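Presented as C-alpha cells, the chain that follows is alone, the form predicted on its own.
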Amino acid sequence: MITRRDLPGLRITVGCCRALSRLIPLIVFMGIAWSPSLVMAASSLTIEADTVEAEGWQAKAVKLVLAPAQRPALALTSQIKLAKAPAWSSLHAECGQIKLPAGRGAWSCQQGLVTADRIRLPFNLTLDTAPVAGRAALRLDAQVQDAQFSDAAGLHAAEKLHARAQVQARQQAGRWLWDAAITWSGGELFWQPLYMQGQGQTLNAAGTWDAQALQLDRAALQLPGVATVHASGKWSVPERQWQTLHVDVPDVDLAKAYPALLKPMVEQSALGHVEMAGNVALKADWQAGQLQAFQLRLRDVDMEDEQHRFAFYKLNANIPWDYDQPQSVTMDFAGGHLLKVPLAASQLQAEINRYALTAPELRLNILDGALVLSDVSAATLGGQWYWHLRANLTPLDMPELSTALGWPRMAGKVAASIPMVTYNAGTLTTDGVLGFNLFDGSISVNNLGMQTPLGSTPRLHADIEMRNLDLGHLTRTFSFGAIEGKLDGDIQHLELQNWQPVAFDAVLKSSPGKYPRKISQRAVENISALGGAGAAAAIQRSVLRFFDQFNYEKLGLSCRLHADVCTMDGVAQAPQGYVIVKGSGIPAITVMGYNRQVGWSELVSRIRRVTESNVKPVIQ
C-alpha cells in the first residue's frame, strides 16, 4: 500500500493484488473519506484503488474525490461489473453539495447524480444517525427526480421517475425496529410484462430486522383506484426466502386492474384480450417459499372476449385452495356464450385436491337444452394442464340455435353425443366419434383434435362424414334454390387455423338410392355461379328457360384446398371442364364447371353472394 499526502488536499493512492482487494479496502477508504475531522483538516481528499471486489460485483480504477468547498463536493468514478454482466461499464456518482456532521448527525447529499450505462439517477439524500433516547438510530430520506434506466434486452426500463423513500429505524434488544414509506409520484416503468405509470402509489411498511430475519409486521401497497394490497411475513436472511408470507387483497376493481396488471401476464392465453368488470378478492399464504393456500372470490364479474369466443355475465365464484386439504369450488353465472352458443344461468360445483379438479357432472344450460359434462377431471403438472371429460348435448331447438350463431334459420332439433375428450398439454383429442342428427341425416366427426383451443391461435383438425342429408331442407335453409334429393359428403383432413379453413379434401355428391331428383332453375343458376363466370354458358339454352325445374341423375362438387387454392371437380369429366349436375329425363339439364383452380377467398365470396341471392347469371 502506498499512501501520499498532497497539500492543501490529501491524495491516497492504493495498489494491491486482486486477492487482497476485497470489500474491506473500500470500506476503509470510505470511512476515511467520510471522517469529518479528516475532511475538515484538508480542503480535498482523493482516494484511489486498483480493484475492489464483493459478492455479486467488482470495481476497478476506483477514484473518490471529496472537496466540500467545491462543486461537486463529492465525486466517485469507477469501472464496475456485476457478476452476471458480460462486460465492464462506467460508473460516475457525485453530490453537488454535501453536509458532514462533526459527530453523529445528519449526513446530506444534495443535487446528487448517478450515471452508468443506460442509467441516469438524479437524487437528494439525507441520512441522520443521531441516537434517539440513547439508542442507535437512523433516519433516511431519499428522493429521485427524472430518473431513467434501461437494460440491453429492453425488458426493463423507466422514464422520468419521481419517487421518495423515508425510512426510520432504532436499535432495541439487539435488533432494529423500522418503518418505511415509499411514494411513487410520477414517471413510467416497464418491467416485463408490466407497464405502469406513477400515480401516487404508496407503500407503507414496518417490522424488525436482525442478522437472521427481516420481520414484516405490516405492509400496505396502495394502487389508487385499483386495490390495496396488505402483506405480512418473515424473510429469512440466511436462506434468502420468505419463511412465511400472507397477502390479502380485499377488493380489486377488475375494470382497472385488468389492463394494468392482469392482461400483461395472461397476454398469450384465452384471457389475453377480454373486457372485464366486477370485483375480486384474494388471500394467499406462503410457507418456506411455497404457496400453501389461497382463496379467490369473484363478485358480479362480467367477462367478454374481444374476439367473441366466450363471455360470462354476473359471474360469482368461491375458489379456495389448500395444499393439504381438499376444497369445494362453487361458481354461478347469469348468462353468457361459448363460441357464440348462448349460455343460460348455470351453477357449477367441483372439488380441488391439491393440483387436481374433479366433478361427477357439470351442467351448462344452453337455450332450451343443456350441455352435460360428466367424468370431469383436470390436473396441472409441470405448468401444463391435463383434463378429460365426456359430454352430451340434450336436444336443442335449431331455429333458436342457428339464429344465435348467425346461421340461416334451421328447422328441427339437434342432439349430440361426445365421447371422451382429453386435453393434454395444449392439445385436445377425442376418443370416439361425435355424432349429430341434422337435416334428416347424420353428421359424424372423427379424429377431432385441437391445439390451444382457447388460445390466441387455435388449430383444429378432423374428418367429417355426412350421410343422407335432405337437400330440400338444406337448400331452403341456405336460400340456394330448390333441390330435391339426398346428399352425402366427406371432408377429409380438415384443418382450421384460428377457426379459418387452411386445408381439406371435400367431396359432396348425391346419395345412392331411389328418391325424387329435381332441381330448380334458380339452384342451377347458383351452382353455375360456383363454377365461375364460364359455367353459366354451359347451361343448355333456348326452351329450357321456360322450365322452373329440371330432372337430374346425379350432382356433386369437390374441392381440395391447399395453399389457399381450391382445386375443383364434379361428378364426371368433360372435354373442357367437369360436370357438376348431370341431367336425366325430360326436361333435363347439365351444369358444367370450367375453372378447376379457384382462390379460396374468391370461392367463399361466390358462396356468400349465392346465399344472399345476389347472383344473377345470364341464361341464354
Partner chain sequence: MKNIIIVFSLMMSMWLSLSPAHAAADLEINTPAISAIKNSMQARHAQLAPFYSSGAVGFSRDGLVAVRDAAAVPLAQRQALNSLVAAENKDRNALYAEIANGNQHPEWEPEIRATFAKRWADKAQGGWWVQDGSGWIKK
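Numbering follows the first chain given and starts at 1. Remember, it's a predicted structure, so these values are computed and weren't measured experimentally.
Another form, the form predicted in complex with its partner chain, is not on view; read the next lines as being about it.
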Q: Considering its partner chain in the model of the complex, find the one stretch among 340-348, 238-246, 96-104, 148-156 with heavy atoms no farther than 4.5 Å from it.
A: 148-156
(Q) Going by heavy atom distances of 4.5 angstroms or less, which of D548, D368, E275, E188 would be at the interface with its partner chain in the model of the complex? (A) E188
Q) Which of these residues, G481, P453, P264, P320, gets a heavy atom within 4.5 Å of its partner chain in the model of the complex? A) P264
Q. Quick one: is A334 in contact with its partner chain in the model of the complex, heavy atoms, 4.5 Å cut-off?
A. no
Q. If you check in the model of the complex, is Y515 within 4.5 Å of its partner chain, heavy atoms only?
A. no
Q. Would T330 show up as a contact with its partner chain in the model of the complex if we use heavy atoms at 4.5 Å?
A. no
Q. Contact between W385 and its partner chain in the model of the complex at 4.5 Å, heavy atoms?
A. no
(Q) Do any residues of 363-399 have a non-hydrogen atom within 4.5 angstroms of its partner chain in the model of the complex? If so, which ones, in sequence order? (A) none
